[in-house]
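Only one chain is included here, represented as structure tokens and corresponding to the form predicted alone.
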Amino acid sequence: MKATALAGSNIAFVKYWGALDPEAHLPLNNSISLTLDQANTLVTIEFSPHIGHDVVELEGRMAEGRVRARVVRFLDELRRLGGSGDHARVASKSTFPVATGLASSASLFAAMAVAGLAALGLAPSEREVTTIARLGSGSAARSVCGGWVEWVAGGRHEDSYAYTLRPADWWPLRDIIVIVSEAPKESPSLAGHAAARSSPCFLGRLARAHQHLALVRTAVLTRDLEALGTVGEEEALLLHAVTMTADPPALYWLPATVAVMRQVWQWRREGLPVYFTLDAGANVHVFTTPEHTPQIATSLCAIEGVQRTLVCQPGGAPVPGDVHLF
């Protein structure tokens, strides 16, 4: 009744922002992402009749309030699927700062889904696991799959799932995660999704997302970095246009965020194949080819306000952990 799983975070090139059904995390548009190998979360779950209440320890701290309630709701879903009435103990450990706009909820709930189902002796298909993980966090559906992933919006629970568009070894891009803040962001993504429709930019972003899907899908299939990067940057800027003009507004950027984006544009003017994207947070993903990665990663660290970088490659689907966290 105990299992461990390791799941990678992901970064979306076509974004998910605003929900058709907030409770089930049903999106309004398909999205396409890349699962990452070095930005990951390890989760151990144990169900036992000897545990008196659910124990949720995230990143070495006991979870409280809304965070704990969210995890317990997901445990309830796992228990429902497994026909179990046992309480659970959960522990997680990540290789990157959580709650900072780097999709830590995606890797957490993807790992929880895989570990929890294994602990309950269940073995659903990958498609079914993606729909289950989505109930914890929408983007967790994508982290159940490896490599380049498309999340199908569907319109109901069973039809909103993720699948691998191309495996991790399809295209050896590098994602340099530029960490400018390790502090939890002030406005959680769930609040941002709820406020999204109040933005005058919302419908325009949604229309562009539908147009961008075919472009990004083709870019992945043809390994076209320029096409992928161009859409990825526009998607990021449109996402933040929505967050900044919603009610209430959320401004995630820090001075170093802007400095990194400006530097990427300067490098491109100088001929380097480099692009950025970012989710709802201050930290930036910088994409380039393997041969340019050492130079760019070193130069990014010299920008004022950049704390460190984490270089990632395309990662695989969640795997069983070798060592339990408790």
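Just so it is clear, the model here is predicted, and its values are computed rather than measured. Don't overthink the numbering: it's just position in the shown sequence, from 1.
Quick note: we don't show the form predicted together with another copy of the chain, though the next part is all about it.
Of the residues Pro124, Pro172, Pro255, Gly121, just one reaches another copy of the chain in the predicted bound form with a heavy atom at 4.5 Å or closer; this is Pro255.
For the residues Pro188, Pro167, Gly204, Gly155, the 4.5 Å heavy atom test against another copy of the chain in the predicted bound form is passed only by Gly204. Taken together, Leu215, Leu225 and Gln295 are entirely out of contact with another copy of the chain in the predicted bound form: none brings a heavy atom within 4.5 Å. Although the partner is absent from this view, Leu135 stays clear of another copy of the chain in the predicted bound form, with no non-hydrogen atom inside 4.5 angstroms.
Of the heavy atoms in His240, some are within 4.5 Å of another copy of the chain in the predicted bound form. Although the partner is absent from this view, Arg262 contacts another copy of the chain in the predicted bound form, with a non-hydrogen atom inside 4.5 angstroms. Shown alone here, Glu304 lies within 4.5 Å of another copy of the chain in the predicted bound form, counting heavy atoms only. Annotated contact segment (heavy atom within 4.5 Å of another copy of the chain in the predicted bound form): 240-248, selected among 147-155, 125-133, 240-248, 77-85.
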